[in-house]
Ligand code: HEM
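First, one chain by itself in structure tokens, the form predicted alone.
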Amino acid sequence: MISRRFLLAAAAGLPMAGGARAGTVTDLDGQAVTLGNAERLLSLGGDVTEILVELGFGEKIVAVDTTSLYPPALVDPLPKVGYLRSLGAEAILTLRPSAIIAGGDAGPPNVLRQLRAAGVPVVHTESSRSPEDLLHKVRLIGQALDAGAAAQALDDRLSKALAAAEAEVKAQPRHPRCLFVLSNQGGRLMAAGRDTAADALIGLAGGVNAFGAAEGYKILTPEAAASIAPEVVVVMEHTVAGPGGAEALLAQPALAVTPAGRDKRLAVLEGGYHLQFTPRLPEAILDFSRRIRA
């Protein structure tokens, strides 16, 4: 539990307004936020970090969370404040940020409230599950930082690239049935249904989420796997990093009986690149589309 004394002391030590100025926005939590000073930005979320860099604020970032992995030359040397979903206010406040830009999954909520109570402006943005979400986030962050021209330029570039990616995907004759497996714990497979980033990416890449009748992440039974008959199993890198690798995963009873298991068809993703819906989304869509058709 963080003491009120610590919060107030940290707030008193924040840089005073007077550097790069910013605008007022209403964020995900319904808060009207005016950053005032954007000289010491703390970025929470890999998508947020990449947007800040694209908008020209990379040199203003003083710390990031552990999901912020790109661009490595910028983020690797920076202090890390912990995992996006399990942050601590004290660790953040010791870095004396003048403002915080947070992704939709940043939390827990009480930590964001503690940061605001300490006097730190926090812009909490929504999670991205579509290209439209990404473009909205670009515009929101641009408005908060009084960088409307840079945000509009990025919006235009992304819109054109996303349209080109959509056209290339639509020209593909096949729509593979894909199954995204989030984790494998002792043979218990957790798969992605609808309303997940994986489901959104599969659709954008021209695939069909074979587990789309489920909502969120659910345990996949061998019976369910056999009935949905995925042609491609999709996993993140860490899922196949354990003993036996991809071969051991595809040999699991829930997958071995599927067309993907029999044909050894596996697409391995880099989570930050493919699933965070960053400004690299157009390239990520095309890369994934090619992987599920390989």
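This structure is a prediction, so every number in the text was calculated from the model and none was measured. Residue indices: 1-based, along the sequence shown.
One more form of this protein, predicted together with protoporphyrin IX containing FE, exists but is not displayed; see below.
Mapping the unseen interface onto this chain, Q276 counts among the residues with a heavy atom inside 4.5 Å of protoporphyrin IX containing FE in the model of the complex. Of the heavy atoms in N37, none are within 4.5 Å of protoporphyrin IX containing FE in the model of the complex.
The shortest heavy atom separation between H136 and protoporphyrin IX containing FE in the model of the complex exceeds 4.5 Å. Contact annotation: A198 falls within 4.5 Å of protoporphyrin IX containing FE in the model of the complex, judged by heavy atom distances. Contact with protoporphyrin IX containing FE, judged by heavy atoms within 4.5 Å in the model of the complex, is confined among 226-234, 259-267, 244-252, 62-70 to 62-70. Contact check at 4.5 Å (heavy atoms) against protoporphyrin IX containing FE in the model of the complex: all three of R85, L182 and H238 pass.
Screening R96, R129, R188, K80 for any heavy atom within 4.5 Å of protoporphyrin IX containing FE in the model of the complex leaves a single hit, R129. In the model of the complex, protoporphyrin IX containing FE lies within 4.5 angstroms of a heavy atom of only one residue of 208-223, namely Y217.
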